[in-house]
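To begin, one chain is listed below as C-alpha cells, in the form predicted alone.
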C-alpha cells in the first residue's frame, strides 16, 4: 500500500560520488565535528534534563505495529520509539545520519553501502546490528502482504532492490539498474527488533505478524532504539512514554537525549478541545488552524505565557482540486478531459481569497508536485493563473458552454443539459468546507451549478480511488524526491485517481500507454527515466520538465499550501523559528 501518509524522506539530491551535491561523506563528517550525533539545527541552546512533554493525538492508536495499520496516530506515537537508518536535518532537509552513521553511494547509482552505528542498544538492552536491518527491509518493509508495507519505494519498475548483510555493522543495498532515490527510500523505514518480531514470521504469516504489538500487548515486548519507550496506555485517554535509558542520541555537550523524562499524548478528538486544553496548560503544544491563529496571537501579544509561531513547511500537504476524467457521465467526462475546460476552472479559483479567509493568511502558493522548499523545486507559479471569472467565462463561451435555455446556468455544447457537478470534500476538516463554499459561489457566478458533497475525511481518498466522484478536493503530501511520489503523479500510478483508465488492467501489469495523451506519456517516461538514473543533475532536469508539464496540462489544479504553525508554552526551550522554518523535536525540547 502506498496511500499511507509516509514519514518524510530525506531531502537532498543523492549524487554519485563525483557529483558536488553528494552528502555521503560530508554528512558523516558533520556528525563527527562535535559530540552531537543529531542535527545541530535542533538546538537553539543546550537544554537540561527533566520534566514531561504533553502533546495530543486525535484518537487511540490502532496498533503499536507500524506496518500493520494505516493510522497516523500509530505513526505519531511510534516515531518516538523506533529509528530510521537515515533522517533529515529539519533546517536544510538534507540527509543526516541516524542508525546508519555513514554511507557511500556508488558512481553508477546501483548500490549503497551503509555503515551502522556501533554501540546502539535496543531499549531492552539487546544489541542493535545488521540482522535487525535486514529483517526489517526484507521480511517487513518489502512484504506486500502487510497492510502498511513500503515495497513501492524498493522497486525499480517491477524489479525489487536487494539487501545484503556485509558484516555485523554493514549493509549493502543493490538495485538491478541505477536508482537515484535509493537513499531517500531508506528514510521511510523504521527499523524493528529482529529478536522480538522474527518469531511472528511475517513472510510466512503476514496476518499473524500484523497482530503482533497490538495495543493490548505487554508494553515490555515493544522495544526500540528511539529516544522514548512505551510506559503505559489507557484506551481513549492517554499514551505515556518514558525516556529510553539506552538512547544513543547526544546533544552538543555530549548529554544523553531526550531531555524530557516523559512524553505523554492525550487523546483529544476535537481541535477546539485541543486548544482549550492548551490554554488551560494541559498541553505543552498544540496544532492550530488559521481560524484559531489570530485569537491566540492576540493573547500572546497581550502577555499570555505561550508563543505562536509560523514558517514554511515541507510536509504540510497542498490542497488540490481534481476532476474525474473517467466520469460515468459522458458530458462531464468530455469536459473534464479537455485541458481548455480545466484551464477555465483554474481561472475560477480565487487563491488570494482562500488564503486570506480560509487559512487566515497562513498559506502560500503551492508548487506543481514539489514543495517550494525542496531542492527539486522549479518555480512554475506563472502557471497558477490569477483569478479572473470574466476570462473564465470567455473561455467557456468559446468552448460552447453557453446558457442556451436562459435559466442562468450554462449548458453543455450542442444544447445539452445544464453544466452541473459535485465537489466531494472532507466535511470534518477545518479547511475543505470553506474552500468548497468559495468554489461553489464563484462557479455559480460563472453559470455552473456545483453541489457540495461532504463526507468523512478518512473516506475521501478511498472514494476517489474507487472512481465514485465527479470532482474532489483532496491533498497529497509533498516529498523532497519526486520519485517517492510516482504512484501519484506518474500516469498509470496506483494513486493517479483522476485518470483511473490509465492504470494497469491487473496489479503489476503495464499501464494503458495507448490511452495517454502526449503530455501524459511524456510524464510517464520522465518518471521511468529518472528512476533509473544515478546522475542527480540529469534527474533534476527531468523533474524540472515534469513540473512544467504539470503546470501546463493541469492533471489537477493546485490551490494552496498551508504554513507550518505551532503554539507552545514558553517554558519550552529549543522550539523556535529559523530561516522561516519551525524547528523542534520531542527529544531536543526541554523545560527552561
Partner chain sequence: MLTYALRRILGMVPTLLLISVVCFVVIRLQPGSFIDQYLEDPRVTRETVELVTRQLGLDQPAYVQYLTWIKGIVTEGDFGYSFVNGRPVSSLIWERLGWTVFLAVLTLLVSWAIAIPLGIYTALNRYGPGATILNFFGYVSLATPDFLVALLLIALVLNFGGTNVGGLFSPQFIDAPWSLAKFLDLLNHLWIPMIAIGLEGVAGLMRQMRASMLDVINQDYVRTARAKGLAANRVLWRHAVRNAVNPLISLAGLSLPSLISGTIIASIVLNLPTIGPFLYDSLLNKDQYVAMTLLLFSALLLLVGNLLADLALAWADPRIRFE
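Positions refer to the first chain, counted from 1. Just so you know, these numbers come straight off a predicted model, no measurement behind them. By rigid core we mean the largest C-alpha set that fits within 1.5 Å across both forms.
The following text describes the form predicted together with the partner chain, which does not appear among the structures shown.
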Query raised in the report: Quick one: is residue 409 in contact with the partner chain in the predicted complex, heavy atoms, 4.5 Å cut-off?
Result: no
Query raised in the report: Quick one: does residue 127 come within 4.5 Å of the partner chain in the predicted complex, counting heavy atoms only?
Result: no
Report task. Could you confirm whether residue 253 comes within 4.5 Å of the partner chain in the predicted complex, counting heavy atoms only? Result -> no
Requested in this report: Classify residue 92 as contacting or not contacting the partner chain in the predicted complex by the rule of any non-hydrogen atom within 4.5 angstroms, answering yes or no.
Outcome: no
Query - Among the candidates 331, 104, 240, 174, the residue which, in the predicted complex, approaches the partner chain to within 4.5 Å (heavy atoms) - result: 240
Requested in this report: With the partner chain left out of view, choose which of 469, 135, 75, 209 has a non-hydrogen atom within 4.5 angstroms of it in the predicted complex.
Outcome: 75
Report task. Tell me the stretch among 58-66, 550-558, 533-541, 40-48 that has any heavy atom within 4.5 angstroms of the partner chain in the predicted complex. Result -> 58-66
Query raised in the report: Thinking of 99, 201 and 584 as one candidate spot, does the partner chain come within 4.5 Å of a heavy atom in every one of them in the predicted complex?
Result: no
Query raised in the report: If you look in the predicted complex, which residues in 483-497 sit within 4.5 Å of the partner chain (heavy atoms)?
Result: 484, 485, 494, 495
Query raised in the report: After the core is matched up, is the C-alpha of residue 428 off by 2 Å or more between the shown form and the other one?
Result: yes
Query raised in the report: After superposition on the rigid core, does the Cα atom of residue 500 shift by at least 2 Å between the shown form and the other one?
Result: yes
Query raised in the report: Hey, does residue 281 budge by 2 Å or more at the Cα between the shown form and the other one once the core is superposed?
Result: no
